Each structure stands twice: as C-alpha cells, then as structure tokens.
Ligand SMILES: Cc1cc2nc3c(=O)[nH]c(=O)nc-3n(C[C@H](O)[C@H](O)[C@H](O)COP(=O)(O)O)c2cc1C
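Take a look at this single chain in structure tokens; it is the form predicted on its own.
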C-alpha cells in the first residue's frame, strides 16, 4: 500500500466521489481530497505517491468545466489512475478524453477504469450503484494497480473512445425552482459554474453556464430544485430501457 494518494474529483451528486474515494483508500494509507468543483480553493499540484482522478460522464464526454480545471494541474511526470463514472448508459469518449487531458497535463497514466453509479437525472437507472459488487471490483482493481506499480510495469494500454470526440453535450434546459423555494441559495453555492443567481427575489439560471450536473438539485434541502417536468419525462423515456440492464465495470491496466 502507498503512503499518500491525491484524489482529484468532480462529483455533483456523489456517485463519482464514492467510487473514486473507495479506490483511493484501497491504494493508500492516507487520501488527500482535491475537489475540482471547489470554486474557492483551486486544486494544487499532486504531493502524494499517486493521483487518482475521477470524473463523471455527461453525454459521453467529461464535463467541460472539469476538463478546464484539470488542465490547470501540473502532473510533473507523477503516476495517475483515471476513472470515469457513468449512469449505466455508456461512457463513449469520456475515458479517452480524460486520459488525453491527464497526459497533456504531465501525468503518467498507469491504469484506467469506467465504473457505474446511479444516474443523476433518472435515479431508477443504475439504482443503488456503486453497490457491494462494484466495491469488490474496485478493491480488486486497486490490488492490480499496486502490483503493477510494485513491479515497475511500464506497459502501455489503450482505452475505448474516438477522436475527434463526439459533439459537446448541449444543455437543452436547466433545473428550475418550485414555488416553495425559500431562497436559501444553497443551490447557487453548490453550482460549479456559477450559473445560478438571485434576481428580484427569484432564482435565475444561465443556460449558457449550466452544465446540467444536478449539483443544485442534490443540494436543495427542501427538494424545491427540480428538472422541468417535460424534460424529466423525456429523459425518463430515453433511459427507461437501461433500467433493468446492469452495465459491467471496465478496467484497463
């Protein structure tokens, strides 16, 4: 086991953090949390023995704001493990995109994985994941990573994906606030792109800034932050076919 791992992550609704932090704890005695969505504390360069970088998948890509913040970190040749976490549909170009950015930032990517978590916009898809089986797979993945590092194995590997990447995820609408919203502003504080503001005692969301990450919905203590009902129904219809499918996690090492 390593001494210290730097854990870089973006996890608007918690699933990505659960998976990535579990893996980081398998790898090291101590884990330093570095939230790339934290607007107040820019993530610093890694100081540990290894970095774990975990990002969510939005429409088959990694979130643009997360990509930009990852680009600011200087890996300086340090080893990294990259994982993407997706809502049981598909991760498409996301892992390739993450690896390319990590390498451009100076990280030496030693292993990668794609893991499933509950879908942020359609909770019945991937419900309960990551679950015990997923955590067992994360544990085994961590053991394989440690073995590779211990043996000094420098073999390269490839991950699925295409370049040029698929088109950027376009936000068709933003979450809205119900009439019983009490303007506590927790949604605005949680928004990683500063898309939410209060104007004339109403919450206004800038669609050009919104990443549709659902952090605001997760943060609302009274459940007043919701998707517009037509959009929620359209998403439910699109993803319903994945409800009873269990996507398997995939690892590359």
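Residue numbers count along the first chain shown, from 1. These numbers come from a predicted model, not from an experiment.
The form predicted in complex with the named molecule is left out here; the points below concern that form.
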query: One residue of 90, 181, 146, 173 in contact with the named molecule, assessed in the predicted bound form (non-hydrogen atom, 4.5 angstroms); finding: 90
query: Position in contact with the named molecule when the complex is considered in the predicted bound form, options 73, 80, 117, 159, heavy atoms within 4.5 Å; finding: 117
query: Contact of residue 169 with the named molecule in the predicted bound form (heavy atom, 4.5 Å); finding: yes
query: Any non-hydrogen atom of residue 85 within 4.5 angstroms of the named molecule in the predicted bound form; finding: yes
query: Contact label in the predicted bound form: residue 196 to the named molecule, heavy atom within 4.5 Å; finding: no
query: Interface membership of residue 25, the named molecule in the predicted bound form, 4.5 Å heavy atom rule; finding: no
query: Segment that reaches the named molecule in the predicted bound form - one of 27-35, 205-213, 188-196, 43-51, heavy atoms within 4.5 Å; finding: 205-213
query: Stretch 26-64: residues contacting the named molecule in the predicted bound form, 4.5 Å heavy atom cut-off; finding: 56, 57, 58, 59, 60
